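Before any questions on how it binds or moves, here is one chain, the form predicted on its own, in structure tokens.
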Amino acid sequence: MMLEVKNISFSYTKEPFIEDISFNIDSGELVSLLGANGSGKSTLFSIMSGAIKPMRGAVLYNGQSVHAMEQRARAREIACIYQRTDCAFPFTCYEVAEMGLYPHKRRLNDGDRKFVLDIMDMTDTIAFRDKLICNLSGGEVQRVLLARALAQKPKLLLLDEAMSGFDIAVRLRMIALLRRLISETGMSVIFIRHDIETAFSDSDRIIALRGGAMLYNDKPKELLNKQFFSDIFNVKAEITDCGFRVMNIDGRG
């Protein structure tokens, strides 16, 4: 297994916020992390990325504690895109994407620059390579940050609502790109998302939190039932041959 989350607990106050969460991630998996607002998704994400330490438990990457890894060494293996996309500094989009190679080397050659440009082409960002990132829309910034993350050549990619600003067509292309890279490189992806429909359609596994606890960890087809939607999102769902339809608690769509 690539990543082991072992008995993670964390608290911002005296009351526990995340409590005793454990799961494993294998190479080549795309795992969606679901839950209502305040369920602990982003906090768990920050713990897995090494940004904050758990109060109890451990996160192991190939057997080594993520929090004990030197930052640059960790960045050679794990790339993260957080939900906030603030980019206040006037870097060009190419310069931002190129930063993904810095954990590996500081002096870049022509081959490195071509690699970055190829990544920008794959992420539909090549058209604004020379534009300042602070002048882009939120969705365009997210695509540049995805290019930077992929330029890191990560074995584990952590995405916190990293495609929320994409339109449907771009989102489908980027998911297809991730799927191709997963197949070609064995990269694993953990994806926090609020888009439940695509989570069910393109995930190998879904991990679902409620109230800081992990309630579900299974393949999407095993979770396609009314109880799952009630437990995780407190809504009613109609299960159909084509998937599902979420309704308000009073039954209205």
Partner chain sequence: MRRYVLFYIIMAAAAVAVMLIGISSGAMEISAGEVAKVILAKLTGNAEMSRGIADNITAVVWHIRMPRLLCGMLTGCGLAAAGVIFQGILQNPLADPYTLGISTGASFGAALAIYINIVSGIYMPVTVFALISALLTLFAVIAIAKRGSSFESSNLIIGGIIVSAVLSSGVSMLKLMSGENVGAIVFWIMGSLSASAWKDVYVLAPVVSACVIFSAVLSRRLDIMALGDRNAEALGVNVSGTRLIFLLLGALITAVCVSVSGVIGFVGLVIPHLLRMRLGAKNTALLPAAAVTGAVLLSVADNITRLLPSGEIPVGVLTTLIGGPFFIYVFLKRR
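Positions refer to the first chain, counted from 1. Predicted, not measured: the structure shown is a model, and the values here were computed from it.
What follows is about the form predicted together with the partner chain, which we do not show.
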Mind telling me which stretch in 177-185, 164-172, 120-128, 74-82 gets its heavy atoms within 4.5 Å of the partner chain in the predicted complex? 74-82
Whether Tyr216, Glu222 and Gly243 all lie within 4.5 angstroms of the partner chain in the predicted complex by heavy atom: no
Just checking whether Glu95 would be counted as a contact of the partner chain in the predicted complex - the rule being heavy atoms within 4.5 angstroms. yes
Lys114 near the partner chain in the predicted complex, any heavy atom under 4.5 Å? no
In the predicted complex, does Asp86 come within 4.5 Å of the partner chain, counting heavy atoms only? yes
Contact of Pro154 with the partner chain in the predicted complex (heavy atom, 4.5 Å): no
